[in-house]
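The data below hold one chain only, encoded as structure tokens and taken in the form predicted alone.
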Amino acid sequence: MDGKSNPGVPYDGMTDTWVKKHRLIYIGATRHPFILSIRDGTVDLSAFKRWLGQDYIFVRAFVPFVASVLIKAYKKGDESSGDMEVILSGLGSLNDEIAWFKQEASKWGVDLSQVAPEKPTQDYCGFLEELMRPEVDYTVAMAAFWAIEAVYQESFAHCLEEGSKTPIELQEACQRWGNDGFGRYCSSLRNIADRQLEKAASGSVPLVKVSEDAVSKAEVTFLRVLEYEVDFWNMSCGTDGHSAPKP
């Protein structure tokens, strides 16, 4: 997102520091050639169909991950800041998202029952399962949650900006993640992540040993998300050279 969903309100939290520090791979994830091809209207529709089938598999794996973050928020989140309500709203919207994938797949002639996960999808879903473990700190899980959603928000919002030549038949897909409402939701996730990171960095998070370690793990997790996202885009457009580490 990089603050675009809240014009005039710059981010100054730890996530902003990460985005600037790791700008090259962040741009690689949010301005990938696959996304740019959608924006300039040159996308190979077979690549879009491949992305559609693989992302459907990922979203189904994403549901239990978000549920696990909700449990962590219940146990360690800030009740006064409404962490649970924000996460619950995202969890609830995933039902509509899955329904949208099924409808879109039918429109494009993609038989989801016949789609097998490719290796980048398997690796990314395995990474989500890794983050679902009870011992994974809420701060780390929240950083991953924000990063996953933010990459899609900023990527697809770019396809809707003035001057884009996004094909009419792909504009609905771009609107799903590129709209202002989803941008505000991502901002809420980012605020939660930054607040948790600030607490961890100051050592004020109760029952967390070596809180600085949570911050370091959260940054590594942020980077892994970006790497998996690049791999996922690469797979979608048939590009070799996967970079993400195995879970």
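Position 1 is the first residue in the sequence shown; the rest follow in order. Fair warning: this is a prediction, and the values are worked out from it, not measured in the lab.
Beyond what is shown, the protein has a form predicted together with a small molecule; the following relates to that form.
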{"property": "Proximity of Glu118 to the small molecule in the predicted complex, heavy atoms at 4.5 Å", "result": "no"}
{"property": "Proximity of Ala105 to the small molecule in the predicted complex, heavy atoms at 4.5 Å", "result": "no"}
{"property": "The small molecule contact at Leu94 in the predicted complex, heavy atom, 4.5 Å", "result": "yes"}
{"property": "Residue contact check: Glu149 to the small molecule in the predicted complex, 4.5 Å heavy atom", "result": "yes"}
{"property": "The small molecule in the predicted complex: contacting segment from 41-49, 214-222, 190-198, 54-62, heavy atom within 4.5 Å", "result": "54-62"}
